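The chain below stands alone, shown as structure tokens; this is the form predicted alone.
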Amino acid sequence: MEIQYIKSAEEFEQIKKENEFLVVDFFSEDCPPCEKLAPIYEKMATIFPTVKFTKIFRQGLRPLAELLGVSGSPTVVFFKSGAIQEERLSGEIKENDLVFILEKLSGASAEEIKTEDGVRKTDLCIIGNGPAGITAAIYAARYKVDQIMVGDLAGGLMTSSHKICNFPSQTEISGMELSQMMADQVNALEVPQINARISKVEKNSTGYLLETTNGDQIQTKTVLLTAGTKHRHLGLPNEEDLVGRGVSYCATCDGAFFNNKTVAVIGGSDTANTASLYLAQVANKVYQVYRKGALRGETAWIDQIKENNKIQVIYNTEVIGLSGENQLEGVVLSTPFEGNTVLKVDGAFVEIGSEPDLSLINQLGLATDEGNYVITAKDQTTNQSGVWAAGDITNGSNNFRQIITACSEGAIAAQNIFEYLQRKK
């Protein structure tokens, strides 16, 4: 079924009346989680034909979004017989969670999409399309390596960077813009790509059999893992319930919603520092809560924070709770601030770093360090024959996880994979 874009509150009310089962995706521009959700949402519209799927540009219909309690992108809201349902999804939305609610809502089972392509065979499968994966794909293309790149968001976590000022050739650029430039180069080289994630890996006599979340199967001689990292969460009891209701992991996605409001940024590294600087452009007040006694990261960002009278840093303090039931009302502090342990804020942006996703690391049997980062040699090889790793997921580059070092590791891996394949001929 075709996805309909709703452009007015009146149109929304009419569609709600006409459809027993209605799903609305509130999305924003320059929103990495929205980009990741898009192909999944399109797939759902195909496999649930009895459900009406719609999309609303959140900033375009802000009063409607506020009326429905939507304060984050993407947020998927469900309706049955015109009534809004308790279930909703926001932030990094997983396909399985969306399927579960849709089956519960409609009483129907997902109709599987059949493919007649069979198993796709290749010499190299690059898992992940962040800076390391994209760079590897560019080098592999110039080496004429038969390859497929699998990823669900071109640029990865780089897309959520408000401003990048240390990438050669770019004095200042947003993460989304730099991601698009990199993706454009891969597209120009006509690198085969699958917009999905790898869900299953099996080693066999000719290499590795991979299965994607789309149901595609890939038989490859070599694997380059560049899956990057995922946002680290606070791990608080009601954290997931408040995602999209004041709690966010992406300032560039959701910052505009907190215009003239009070927000908190949790963390003290470059990602937290740049988030505070960006939010200070839209919010009335930004509190940056950090568990240590001094901010860390690039001195240039720290100096700007100190000079910005909208930003107040609360040092030596942790966020140990979130107040509010259906909407965030404040953050609970480990140390009283101005006599109170609850800091009243409209939004909380969690920027406490990232960590590797262990699912593929464990399936591939890769050795890791104490932080669960993949251990690689100087040529990006791992402990498993035929498997390389590059980018933020590794312990390489002296643990200096930057866009430029990820690109470097991707290039080194591609060159070594090319030599490996040449020796195997």
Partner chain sequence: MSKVITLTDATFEAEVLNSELPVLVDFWAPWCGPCRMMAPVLDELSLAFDGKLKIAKLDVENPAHQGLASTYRIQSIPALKLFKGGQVVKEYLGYREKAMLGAELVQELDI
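Positions refer to the first chain, counted from 1. As the structure is a computational prediction, the values presented were derived from the model and not from experiment. Under this definition, the rigid core comprises the largest set of C-alpha atoms superposing within 1.5 Å between the forms.
Below: the form predicted in complex with its partner chain, not depicted.
Of the heavy atoms in residue 254, some are within 4.5 Å of its partner chain in the predicted bound form. Among heavy atoms of residue 246, some come within 4.5 Å of its partner chain in the predicted bound form.
Remark: residue 95 does not count among the residues lining its partner chain in the predicted bound form, judged by a heavy atom distance of 4.5 Å or less. Contact annotation for residue 229: none of its heavy atoms lies within 4.5 Å of its partner chain in the predicted bound form. Partner contacts here mean any heavy atom within 4.5 Å of its partner chain in the predicted bound form, and among 333 to 341, 283 to 291, 173 to 181, 350 to 358 they occur only in 173 to 181.
Taking a 4.5 Å heavy atom cutoff to its partner chain in the predicted bound form, the contact residue among 90, 195, 271, 147 is 195. When its partner chain is considered in the predicted bound form, only one residue from 305, 201, 322, 153 comes within 4.5 Å through any heavy atom, namely 153. Looking at 205 to 235, the one residue that comes within 4.5 Å of its partner chain in the predicted bound form, counting any heavy atom, is 213. Residue 48: CA moves 2 Å or more between the shown form and the other one after rigid-core fitting.
Core-superposed comparison between the shown form and the other one: the C-alpha position of residue 199 differs by less than 2 Å. Relative to the superposed rigid core, the position of the CA of residue 80 differs between the shown form and the other one by 2 Å or more. In the predicted bound form, the separation between the C-alpha atoms of residue 152 and residue 103 shrinks by 3 Å or more relative to the displayed form. Annotation for the pair residue 100/residue 328: C-alpha atoms recede from each other in the predicted bound form, by 3 Å or more compared with this form.
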